[in-house]
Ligand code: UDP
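Only one chain is included here, represented as structure tokens and corresponding to the form predicted alone.
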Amino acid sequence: MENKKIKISLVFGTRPEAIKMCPLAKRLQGNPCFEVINIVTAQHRQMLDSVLDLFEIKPDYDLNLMKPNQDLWNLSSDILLETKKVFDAVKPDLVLVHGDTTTASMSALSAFYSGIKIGHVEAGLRTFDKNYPFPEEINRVIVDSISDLMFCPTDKAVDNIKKSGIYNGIYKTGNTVIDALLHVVENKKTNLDFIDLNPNLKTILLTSHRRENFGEPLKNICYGIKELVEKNKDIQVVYPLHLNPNVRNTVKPILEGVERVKLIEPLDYSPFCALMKKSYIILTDSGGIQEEAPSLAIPVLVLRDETERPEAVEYGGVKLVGTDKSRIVKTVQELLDNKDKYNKMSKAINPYGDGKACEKIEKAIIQYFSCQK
């Protein structure tokens, strides 16, 4: 295949996928070996578009599948059917998907049905609980089981793949989110004046939007935050509210109007990175932030009972606190009061790479297809 360009289709549809796939798209587009076709499902429309603009990526195919109150059945069938049409037209040699979304699992399955090679970026993460996170854990297992190339962020992810009986096509690359983060922090200057942060207060950044935290768990998180700001006059909390009404209708009755709690609209990736950099502590149920924040020397408290990213916990930069109010308050208070504990977390090594994951993935694809620049 030395004289023929390798057709690579990248398929993604959510903001987290876009953040992690756009740097890879740009890297592959710069290689004369490849013809790159970017396909977006727009599983998340508004939040996806802002990342595309930031990285200056224009989709070749925009399936625009987001619908009000969409469920997993409709979304899954739409992705299968619509990606089939694109794959039939483009005939890619390789389809790259990312992570654990419905876009990733159904696009990979569509490629498998079409006889197309599949590459899984961020392969091998596991909680080993099919219901947690739901449906992400099974989405990721599906993609890993049918992929030809698996780009694993860590040694543990590699081991997880091998334990499933797969030994070929596995590459340890680090995580492309570090590539994205370092690019944005180093190259994009963002003014955060619109948030009106008090520079004399320690900023706690809160994000919580995962399905398993809807209802009582999210209420517990909010009551914990309320207690913390009442006890500590030297902190302020910033919470970019996810657009999902299950989040907004729970959070606003508890935290709206609380002194030193700022409920703001979702941020584009560049200002979000700038806000992370200014934060003293981050509380989150997000997966990506567990990978990003240690590169910025910020302790992360994870509002989940399990994580498919245990390496950061083992290295010390991340701690699981779940959604129990008392545990959240106790753990945050310890970091506010105990400088030694804070420094131990903030200075932990980030196990997710050095910002060269895209380069390593590119080299693996070149090797797999035996192509030359």
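It should be emphasised that the depicted structure is a prediction, and the values quoted were computed from it without experimental measurement. So that there is no doubt, residue numbering starts at 1 and follows the sequence shown.
Missing here is the form predicted together with the named molecule; even so, the following discussion is about that form.
Checking 230-238, 284-292, 165-173, 113-121 against the named molecule in the predicted complex, the stretch whose residues place heavy atoms within 4.5 Å of it is 284-292. At the 4.5 Å threshold, heavy atoms of P16 reach the named molecule in the predicted complex. At the 4.5 Å threshold, heavy atoms of I225 stay clear of the named molecule in the predicted complex, well away from it. Using a 4.5 angstroms threshold between heavy atoms, D78 stays clear of the named molecule in the predicted complex. Contact check for D93: no non-hydrogen atom falls within 4.5 Å of the named molecule in the predicted complex. A single residue from the set L267, V302, L218, V184 has any heavy atom within 4.5 angstroms of the named molecule in the predicted complex; that residue is L267. Of the residues H242, K156, K277, R126, just one reaches the named molecule in the predicted complex with a heavy atom at 4.5 Å or closer; this is H242.
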